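First, one chain by itself in structure tokens, the form predicted alone.
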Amino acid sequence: MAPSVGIAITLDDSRPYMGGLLDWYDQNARPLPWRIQKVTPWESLLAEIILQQTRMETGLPYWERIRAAYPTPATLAADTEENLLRLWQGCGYYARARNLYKLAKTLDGEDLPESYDSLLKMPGIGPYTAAAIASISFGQPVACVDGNVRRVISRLRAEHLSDPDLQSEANDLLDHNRPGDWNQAMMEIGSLVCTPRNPSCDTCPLESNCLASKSSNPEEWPLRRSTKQAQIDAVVIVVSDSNGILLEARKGRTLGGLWGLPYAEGEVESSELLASRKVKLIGKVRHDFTHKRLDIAVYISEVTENDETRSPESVPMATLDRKVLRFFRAHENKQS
């Protein structure tokens, strides 16, 4: 890696000096695949999108298999969205995959643009992702702000900062000589040292300039953004025969593009679904999304002459449906 060069101290003396951060990063950065081997901007984008809402240990296998299947945007654009979703299944937040497919189609055989502004115009690329790719892949001096960076800056200043103020602080601190490494260093120290709980202030290279570390409770910052889950009752019907399971094409932002069991949420929709067939309740399954908790009543029903069953392995399905199928198969095994 390139030697640390530090950053220039701004005229505002109240801002912390961060010159030791790159030295720390050079010595302590995790040997992630895209750091120890040369990767293309497209492969970096895949990593950023997959890891936005997926833990590192879960996301790495998805990154490996998707970049192997689609080494360029053109290879993805030449395939189907359904095949991408099949590789993505289990990773969650499927809108990311659908937007990735739209992006590949939009590029129409061209490479990813290099500038932040041009990247921001691409489907599924927001301010954070555009800044990450522009800085890491193309050396553009653009500061990233993710959850880790938000926490580091909030604690350095011991303030509950607004999003615009956080971005302004990140811009001021950015090392313009190594912007990609700087952004990664800020995220890395947030992930490894300045953690949400029990931060390791005594080993942090920024400790001497961190106002939160001098307080009685560094964890006070930043202000926590709580997401309250809605409690929702739902029903699902499993219809099976020797050929497979009755599956339907899902619609909507959360699971659109996938296949799933006949399913409904809410009293009216659930009643209508159950009235459409002769059903038998076999139990309940709980499933959590970030924004809602589902209590799913699982019913079974006989195949009718209009039903077309298929193998669940032949189509992309969400974790929710696979969880219900595991419950169904366990129930069937008990009955046999």
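Residue numbers here begin at 1 and follow the sequence given. This is a predicted model, so every value here is computed, not measured.
The discussion below concerns the form predicted together with the DNA, not included here.
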item: Exercise: Leu32 in contact with the DNA in the predicted complex, heavy atom 4.5 Å; value: yes
item: Residue contact check: Leu22 to the DNA in the predicted complex, 4.5 Å heavy atom; value: no
item: Residue contact check: Ile125 to the DNA in the predicted complex, 4.5 Å heavy atom; value: yes
item: 4.5 angstroms heavy atom contact with the DNA in the predicted complex for Ala318; value: yes
item: Candidate stretches 239-247, 75-83, 125-133, 203-211, one within 4.5 Å of the DNA in the predicted complex by heavy atom; value: 125-133
item: Proximity to the DNA in the predicted complex, single hit among Leu112, Leu166, Ala234, Met187 (heavy atom within 4.5 Å); value: Met187
item: Heavy atom within 4.5 Å of the DNA in the predicted complex - the one residue of Asn28, Gln53, Ser271, Thr309 that qualifies; value: Gln53
item: Joint contact, Arg277, Glu302 and Asn333 to the DNA in the predicted complex, by non-hydrogen atom at 4.5 Å; value: no
item: Sequence-ordered list of residues in 265-304 near the DNA in the predicted complex, where near means a heavy atom within 4.5 Å; value: Arg286, His287, Asp288, Phe289, Thr290, His291, Lys292, Arg293
